[in-house]
Structures are given as structure tokens and as C-alpha cells.
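Laid out below as C-alpha cells are two forms of one and the same protein chain, each shown alone and named structure 1 and structure 2.
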Structure 1
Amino acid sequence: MISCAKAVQQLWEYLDGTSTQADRVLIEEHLKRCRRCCGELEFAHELRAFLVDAAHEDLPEDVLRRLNRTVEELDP
């Protein structure tokens, strides 16, 4: 079984789907046996979702209006 340090190092790549098939198998085997790393995986998952959610924010209306005007001036 790979060490916790190794598993934790690769958690995000695992979540992102960018790890190799061999690494995926090693991490999944580790996660089946290690409760602490499952907590860390869950948190990485939450943090990833948190970043995605933080992307939805209210934009300043006045700035959007000015930028829309720029588009109209460029392509009337």
C-alpha cells in the first residue's frame, strides 16, 4: 500500500481525473484502508466544489453596462 503522504500528494489529481490509471488504482486501494485519508479526500472534494461555487458572484452592474457600451461602439 502506498504511504499516506504519497496518497495525499495525489488526491487532487485523482479528483481532477488527471492521474494515470495505475495511480488511480493505488489511491483507491489506499483509500479503502485509510480513514484519515478519506477525510482528507472529502475535504479536497469540498474545497474543489467551494472554488467552483465561489465563481458565481454578483458583478457590478455599472461596469457591465460600460463594457456592453464598448461592444456596441465597436460593432454598431
Structure 2
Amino acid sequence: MISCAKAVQQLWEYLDGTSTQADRVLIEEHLKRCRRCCGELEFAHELRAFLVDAAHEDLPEDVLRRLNRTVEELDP
């Protein structure tokens, strides 16, 4: 069984589906036996879903205007 540190280190790749098949098997075996890492997985899954949802929301017009003004001030 891999360590908790190794499982947590590879959690995002696991959630993104970019981990290798061998790593997926190791992580899934670890998650079957480790409640702590299951909690980490649940948190990471929820955070990822929140970030994906937030990325698709339009910015309010005033925030977009201020952001554009800030970019113009930075770009000489």
C-alpha cells in the first residue's frame, strides 16, 4: 500500500484522470483502507467542482471594467 503522503500527492492527477493506470490502482487500493485520504479526496473533488463552476460564471460588468483598467495601466 502506498503512503498517505504519496496518495495525497497524486490526488489531483487522479481526479483529473491523468494518472497512469498503475497509479490509479495504487490510489484506489489506498483509498479503500484509509478514511483520512477518503476525506482528502472528497474535499478535493468538491473544490475542483467549485472551481470548474466558478470558471464558467461571467464576471460582473464593474469587475470586468476595473480589471481591464488595471491591465491597461500595467501595459505601457
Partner chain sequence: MVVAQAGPDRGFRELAKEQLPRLLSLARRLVGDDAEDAVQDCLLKAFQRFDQLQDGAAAPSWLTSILVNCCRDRGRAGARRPVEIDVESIEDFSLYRRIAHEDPFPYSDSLHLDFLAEFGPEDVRAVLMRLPELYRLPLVVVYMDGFLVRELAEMLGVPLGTVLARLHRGRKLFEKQMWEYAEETGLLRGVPR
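Source: prediction; values computed, not measured. Just so we're on the same page, rigid core means the largest C-alpha set that superposes within 1.5 Å between forms. Each residue is numbered by where it sits in the sequence of structure 1, with counting from 1.
Colleague: Do you think the form predicted together with the partner chain is shown as structure 1, or as structure 2?
Modeller: Of the two forms shown, it is structure 1 that corresponds to the form predicted together with the partner chain, while structure 2 does not.
Colleague: Superpose on the rigid core, then tell me if the C-alpha of D16 is displaced by 2 angstroms or more between structure 1 and structure 2.
Modeller: Shift at D16: below 2 Å after core fit.
Colleague: Could you tell me whether the Cα atom of R69 shifts by at least 2 Å between structure 1 and structure 2 after core superposition?
Modeller: Yes, the C-alpha moves 2 Å or more.
Colleague: After a core superposition, would you say V25 shifts its C-alpha by at least 2 Å between structure 1 and structure 2?
Modeller: Not so; V25 is displaced by less than 2 Å.
Colleague: By how many angstrom is the Cα of P60 displaced between structure 1 and structure 2 when the rigid core is overlaid?
Modeller: On core superposition, this C-alpha lies 4.6 Å from its counterpart.
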